[in-house]
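Quick heads-up: it's one chain on its own, the form predicted alone, in structure tokens.
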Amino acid sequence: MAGNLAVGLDVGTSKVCAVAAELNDRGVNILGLGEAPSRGLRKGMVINMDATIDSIKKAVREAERSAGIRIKSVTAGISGAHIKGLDSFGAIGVRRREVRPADMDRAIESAKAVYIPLDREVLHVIPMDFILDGQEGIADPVGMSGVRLEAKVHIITGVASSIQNLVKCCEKAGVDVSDIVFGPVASAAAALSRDEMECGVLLADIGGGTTDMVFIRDGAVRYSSVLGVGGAHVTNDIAVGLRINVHEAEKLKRSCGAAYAGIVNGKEEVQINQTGGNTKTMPAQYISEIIQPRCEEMIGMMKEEVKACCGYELATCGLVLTGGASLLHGFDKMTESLLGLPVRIGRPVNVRGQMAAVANPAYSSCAGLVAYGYESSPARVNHPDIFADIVAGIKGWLKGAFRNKVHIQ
């Protein structure tokens, strides 16, 4: 990575995606995209290192060929049921003088002094609010006078072995890992607007093996969780229900699957290729009848997370769905109906370049990782603050909320 170039690597359960891009005053300019099926992960965790290394190599090499560059380091995304979020508080004395940036840092360091099990690694320490002499909800206390400064932070951790295994796979695939980012944090940077992040919004990144959720308000992540269900579960339900292989089930899900049977034409039929070369014709509605219970289960789990973070009271902008599995026909409408919140599909915005396909919910995480990697690069080129829409939001959000993130060595 050189200059204002950055590479995002999203190592997911269903696919490994590498995106090379540059950021300039007009937004994210995609230079190259590489993608490969993910063979060695389950629910975001490495279960076969050789297969994972091979998938990473294929995705990175394809991105290199399409971008015409040599990729040496990446910003990698991570997910999995092992990711946990917790809140913490810290306080310091400021001795009746103006608060300085160093005081903010000390308050955040104090908040980081919380017990973390030895088998876990800190991924992010995200400041949420500051409290000065009892006055709450302060975003930036610098220049204000007071005696006691408190910081409230959200800490995101993961199992150390899982993080280390991902880093090892990347290194054995020939690329260094400059940083590791929790997947929905990256997706939020690419798929959400500044207004949404300020007013309050929930984001659900639905991948193959997990659904990752974050709640963001006043520009900071305030809640994070991982649900152990994703698009691969829907595919497996179809495979079991129709007694076909997973690849055929995935094709059927993409071509004629729907979140609920009511939106499928009852007279429409579909041909199914069974194991052994036999074919069978059946109503397309049968497939959606298999899918619907799983979607209801997934939305029910999301509802519990919305309640846990007080989303019904605080998420003014509702829920944004992103990730490849969010494209299931009718899933957004079903989610809106069952949750009782405004719901939209989130796609990377302000993305230009040769790879228009990146402007798709399946690539939200990769697009966000690119922006994150750019902002973290010591060799980045600084541009005037005239970024449109999300690029301006990315710069401000990353400089503020993620200024205190922990880098993986």
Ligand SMILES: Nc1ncnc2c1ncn2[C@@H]1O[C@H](COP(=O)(O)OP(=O)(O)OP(=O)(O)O)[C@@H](O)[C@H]1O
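Keep in mind that this is a model prediction, so the values were computed, not measured. The first residue of the sequence shown is number 1, and the count goes up from there.
Omitted from view is the form predicted together with this ligand, to which the following refers.
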Check your understanding: Since exactly one of 294, 254, 148, 106 fits, which has a heavy atom within 4.5 Å of this ligand in the model of the complex?
Key -> 254
Practice item. Using heavy atoms only and a 4.5 Å cut-off, determine which of 371, 56, 63, 362 is in contact with this ligand in the model of the complex. Key: 362
Review point. Does the 4.5 Å heavy atom contact test between residue 179 and this ligand in the model of the complex come out positive?
Key: no
Exercise for review: May I ask you to state whether residue 327 is within 4.5 Å of this ligand in the model of the complex, using heavy atom distances?
Suggested key: yes
**Study point:** Interface membership of residue 305, this ligand in the model of the complex, 4.5 Å heavy atom rule
**Key:** no
Review point. For residue 235, is any heavy atom within 4.5 Å of this ligand in the model of the complex, or not?
Key: yes
**Study point:** Region of this chain that lies against this ligand in the model of the complex, out of 200 to 208, 82 to 90, 150 to 158, 109 to 117 [heavy atom, 4.5 Å]
**Key:** 200 to 208
